[in-house]
Each structure stands twice: as C-alpha cells, then as structure tokens.
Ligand code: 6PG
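Presented as structure tokens, the chain that follows is alone, the form predicted on its own.
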C-alpha cells in the first residue's frame, strides 16, 4: 500500500511509495491515463524529461514493463536540462534516457526534441528556446507542457537551476546556460517560469540522502529562500511529489494522512 500525505497549509500532494518498483508502476499508470485522455481528445502529449538517478531508474523500469503499449506517434519528448556533453557521454541526460527506454520504443524520430549538449552552450540554448517558442500550446508567452518531470538534488537544485544562481528564477528567458557550482560544468536548462507554466509537474525523489532536503522544501512552513526546488509552484496547474519511503521518512511530522 502507498501512503498519500498533505500538510495543513494546502501544500501540493505528496505520495510516499514503499520502493522504486511501486513508484515506477504508479507513474506509468498515471502517464498512461493522461496520455489516453489526450489521444481521445485528438491531440499529442508533450512530456519534459529530467536527468538524475531517480528518473533514470524509473525509465529503466518502465522499459521492462510488458504492458508498455502506448501509441508513441502521439508522444513528444523534451528535456528540462542537459549537460554540455555529446549524447554518447555517460553524463548525457538524453543519452541515458535513450539507452534506458527510447531505443526500445517505436517513437518517431521527429518527436524526440533533444537538447544538443555537444553544441556551443549559448547557441544551443537559443536554438532550443526557438523550438519551444514553436510549441503548439503557449500561455503567458511560454510553452505550456502537459507534464514536466523533475528531480531534486541534495543541494535543493532542480533541472539545472542551482542555489548560487537564484536570480535565474525570475528570468524571462525560455532557456539559458547554467554552470554547476562545484564542477564548473556548463549545462543548458529551461527556466523556472517554463517549468511552472506546465499543466502538471511531478517531482521524483528516492533514497535516504534526499530525506533532509525534502523536509526543507516540502514541510517547513516558511520556504527556504536559497533552494530552487522550493520555487516549484505551477501558476495554473498541478504539482505532485512521488517519493519513496526512505526519502519521505522525515515528512510525517506535522502532516495529515488520508
């Protein structure tokens, strides 16, 4: 059984799963349902993917599910951020997702809208912003994706929005070049305004190492101002947290169960 929790201040819903297996099945069931509704309505479904170990594990698990029978012609894939490396590099978000699932499914090549990490970062950020400006559904001058999938780092970063660059939370740019504060590695990221413009945002977190940062981001009454993940707040959409038991072990105090 899974546990769903909310706090007393109308914080977005958090679902705690026993393990990653349970999380992956629940995520696929949710995605399958949303995807089916889009097809019935006669439209494509546009999903933004995330880097990070938990989303990657989830997609590796999805590839093994025998009932993975979606009509891939209607699915479009995008990326929330990318490291500035070629796709064959082990650090490539696209490369990892391609190895985990894309190569196993019959999705049209033109439906896979990757960030080209091998290109000049500033040029590529501009190119990818141009792609997103042509996205079929726009709202508030930004693309309005059906679903944005995110992870959260132990330092509170999400996508490639880092604690030392909080000024980028307010940028009107669609995409920009980011720099990892420790490694100095350049990355390309969509902005928080693009993320918060989505219809649905799902944040995935697993493992004991994420427990403290989730407590800070989710449970505290006053949100920490130096944690980018605290600013995930869809302007006209739904936010869900899919968390395993280890990552959610510090969330119960002061929260109610239903």
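Positions refer to the first chain, counted from 1. These numbers were taken from a predicted model, which means no experiment stands behind them.
The form predicted in complex with ligand 6PG is left out here; the points below concern that form.
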request  = Specify the contacting stretch among 193-201, 228-236, 34-42, 49-57, defined as having any heavy atom within 4.5 Å of ligand 6PG in the model of the complex.
outcome  = 49-57
key: Partner proximity in the model of the complex: residue 95 to ligand 6PG, non-hydrogen atom cutoff 4.5 Å   = no
query = Any chance residue 151 has a heavy atom within 4.5 Å of ligand 6PG in the model of the complex?
reply = yes
ask   = Do residue 159 and ligand 6PG come within 4.5 Å of each other in the model of the complex, heavy atoms counted?
value = yes
task = Could you confirm whether residue 81 comes within 4.5 Å of ligand 6PG in the model of the complex, counting heavy atoms only?
result = yes
inquiry  = Within 4.5 Å of ligand 6PG in the model of the complex, counting any non-hydrogen atom, which residues from 103-129 show up?
reply    = none
